[in-house]
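For reference, the chain that follows is the form predicted on its own, supplied as structure tokens.
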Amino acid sequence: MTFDFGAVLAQWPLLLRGALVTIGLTAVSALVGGAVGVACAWARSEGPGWLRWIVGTYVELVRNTPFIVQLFFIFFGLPILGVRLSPTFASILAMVVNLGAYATEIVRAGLMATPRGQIEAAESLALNRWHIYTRVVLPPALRKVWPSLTSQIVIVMLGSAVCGQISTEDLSFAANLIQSRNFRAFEAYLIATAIYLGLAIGLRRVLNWAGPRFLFGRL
């Protein structure tokens, strides 16, 4: 058996486009999904009973079902209800829903670790609930759970590989397309694996750099 990586690398525009799409999906889902997680974490810890129940149901439903099933439901199931989404938007929505559920529990763990005295000190300064949550409780909570949240974002990025199953033109879609043209499946998927590895390492470093500088580094 002979290997021909050149036949795959010759299709570098497809690989580059796929990698950029994967980066774009991850960036949008990380920002929106992270925000969903923060909001839902507050709802589960401080919200009214009915809101806690809704968020808890959402979290348990998403965390106990496969991501690919969630993706297929959004893309193939919602059209039955008259909601038709493009492959890219369906992928982003599925990734946001998935990340939001996991981020909810991660952030909530950080919120529960906040000392009660810290909150009482903020209340004694006449800060309102919004300022207490966003300036006193949330930043140190994020600092505690940032490694776990970073790992979850990386997992979601790697999980986006199944989005190619609904024709989202991500990296896995590009690898599938290339190997269908030249039948170099081993080389195509090996190169795709290497790119995913590089993206995961790069994403982790970016998040480890960005978190302390923009979210909780001024504590």
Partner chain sequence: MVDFTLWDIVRNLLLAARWTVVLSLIAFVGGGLVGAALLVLRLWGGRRSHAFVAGYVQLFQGTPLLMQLFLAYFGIALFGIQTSPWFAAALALTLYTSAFLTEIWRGCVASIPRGQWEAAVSLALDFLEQLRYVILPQATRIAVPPTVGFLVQVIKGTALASVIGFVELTKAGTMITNATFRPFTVYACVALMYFVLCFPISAWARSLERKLHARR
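All values derive from a computational prediction rather than experimental measurement. Numbering follows the first chain given and starts at 1.
From this point on, the text means the form predicted in complex with its partner chain, which you will not see here.
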For the three residues Ala109, Trp146 and Thr150, verify that every one has a non-hydrogen atom within 4.5 Å of its partner chain in the predicted bound form; reply yes or no.
no
Leu61 within 4.5 Å of its partner chain in the predicted bound form, heavy atoms
yes
Exercise: Pro66 in contact with its partner chain in the predicted bound form, heavy atom 4.5 Å
yes
Its partner chain contact in the predicted bound form: Val38, any heavy atom under 4.5 Å:
no
Do Ala192 and its partner chain share at least one heavy atom pair within 4.5 Å in the predicted bound form?
yes
Can you pick out, from Ile54, Ala43, Leu177, Ala161, the residue that has a heavy atom within 4.5 Å of its partner chain in the predicted bound form?
Ala161
Can you tell me which bits of 107-142 touch its partner chain in the predicted bound form, meaning any heavy atom within 4.5 Å?
none
